[in-house]
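A lone chain, given as structure tokens: the form predicted alone.
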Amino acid sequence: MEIIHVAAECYPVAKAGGLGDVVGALPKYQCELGHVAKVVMPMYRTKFLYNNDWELVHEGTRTMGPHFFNYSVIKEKTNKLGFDLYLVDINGLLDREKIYGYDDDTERFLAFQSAVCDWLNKWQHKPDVIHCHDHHTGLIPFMVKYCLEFKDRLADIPTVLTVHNAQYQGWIGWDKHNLLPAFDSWKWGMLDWNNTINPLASAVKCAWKVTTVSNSYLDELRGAANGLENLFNYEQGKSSGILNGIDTHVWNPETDSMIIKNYDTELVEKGKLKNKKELAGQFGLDPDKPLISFIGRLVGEKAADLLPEAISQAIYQHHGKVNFLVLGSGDPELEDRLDQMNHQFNGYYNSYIGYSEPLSHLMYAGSDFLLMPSRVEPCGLNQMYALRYGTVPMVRNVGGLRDTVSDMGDWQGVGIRFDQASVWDITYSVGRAIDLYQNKPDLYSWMRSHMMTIDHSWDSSAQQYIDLYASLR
């Protein structure tokens, strides 16, 4: 099959979160299964763009309301990522460094989706499926079905939507409806949700199939989907959960070039200690104490706002028997609070405000525990990276965390689970982690070795997507 993935992110081209990791890995594994998977995304001005070779494959023109724009499509020449990568460029809209966060994001992603549909409409053949990821590409299933210039050629191409995070829906006021390509006005209801154009809701309505990135998240969306609960209940017949995988070539402690000492299940204790000492040296921490790390966006969805109080209380309650390290960026006030704590808890806590891919790898390898107190976690990849590196995940019992981490108190449990996104639940879990580290060395050693053998690769999930596509032909 020929599969076209359309997304706003793709690692290592441009990444803001887990969406980029998924789009950077799933197509590669689908190609390894013998299919032709391609990725189409905006041409941001990133290092990847300037450091690789490209060829121009298409040029076109579009209108968006009263505006006229040219677009071009370039292709990476060497198949460096294991699949064909196409970038869509629109001067004045997509030619920027950042992925999101601009006042004209609505226009940027509308123009991108319009250009993608126009390009596909010019192809001599048709792909077997168009796979859209999140709201930034959520209008494509509507466009190919109901926009006048596309529907004759593209309406019979199956479309699949994967919901990576339903909190963000891309709302557009109806005053901007003229920015869309001309469409059958009788179908306006396929765009509307609660008197606004809602790209995510539109995609759920119009796509042939809808997937979420874990089974538990699909169940949760029927009760908590930021206003789309009734829609997910209504469309449950065409919806399914397919758990994300991780790229085990990139995330492999035996070969990872970003860590100090490589290791496998046999050398996990020595390997992790070597990396921990490097990490402790960089951040002024004690390598003899258990190290609990947080890696992620500093936003409410990740319950990062609880970190200052939870870390403070844990250090006081447990008499400084534990160290903490935070890597992330997000809410500026929270960034400042976490940064100020470096001085207050010198020797017990430190932080790196921002993001560093090499540091994240070293933290997975050198930490003893990874804390994920998320309020919402559709799938979560960090806990799978932690398991791969022999780092015990401390996770809230929600979404994909529930599906991938079993509690140490259960049969063959490999993590620490808690029910509430609260300071109390976090500090209590820190106590369990300290007890495991200090008083249960045999269990701790078994957990670390066992968790590294769990298969969270993309192999199974990639095949599930292929089976889903095949059911639409």
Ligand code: ADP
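The structure presented is a predicted model; accordingly, all values stated were derived computationally and were not measured. One rule holds for the numbers: they count along the sequence shown, beginning at 1.
The discussion below concerns the form predicted together with the ligand, not included here.
- Residue contact check for residue 15: one or more of its heavy atoms lie within 4.5 Å of the ligand in the model of the complex.
- Proximity of residue 357 to the ligand in the model of the complex: non-hydrogen atoms within 4.5 Å are present.
- Not displayed here, the ligand is kept clear of residue 217 by more than 4.5 Å at the level of heavy atoms in the model of the complex.
- Contact annotation for residue 381: at least one heavy atom lies within 4.5 Å of the ligand in the model of the complex.
- Each of 251, 302 and 385 is positioned with at least one heavy atom within 4.5 Å of the ligand in the model of the complex.
- Picking from 123-131, 187-195, 322-330, 306-314 the stretch near the ligand in the model of the complex, with a 4.5 Å limit on heavy atoms, gives 322-330.
- The single contact residue among 297, 222, 318, 151, judged by any heavy atom lying within 4.5 Å of the ligand in the model of the complex, is 297.
- Contact with the ligand in the model of the complex, judged by any heavy atom within 4.5 Å, is made by just one of 364, 142, 112, 349: 364.
- Shown without its partner, the chain has no residue in segment 108-145 with a non-hydrogen atom within 4.5 angstroms of the ligand in the model of the complex.
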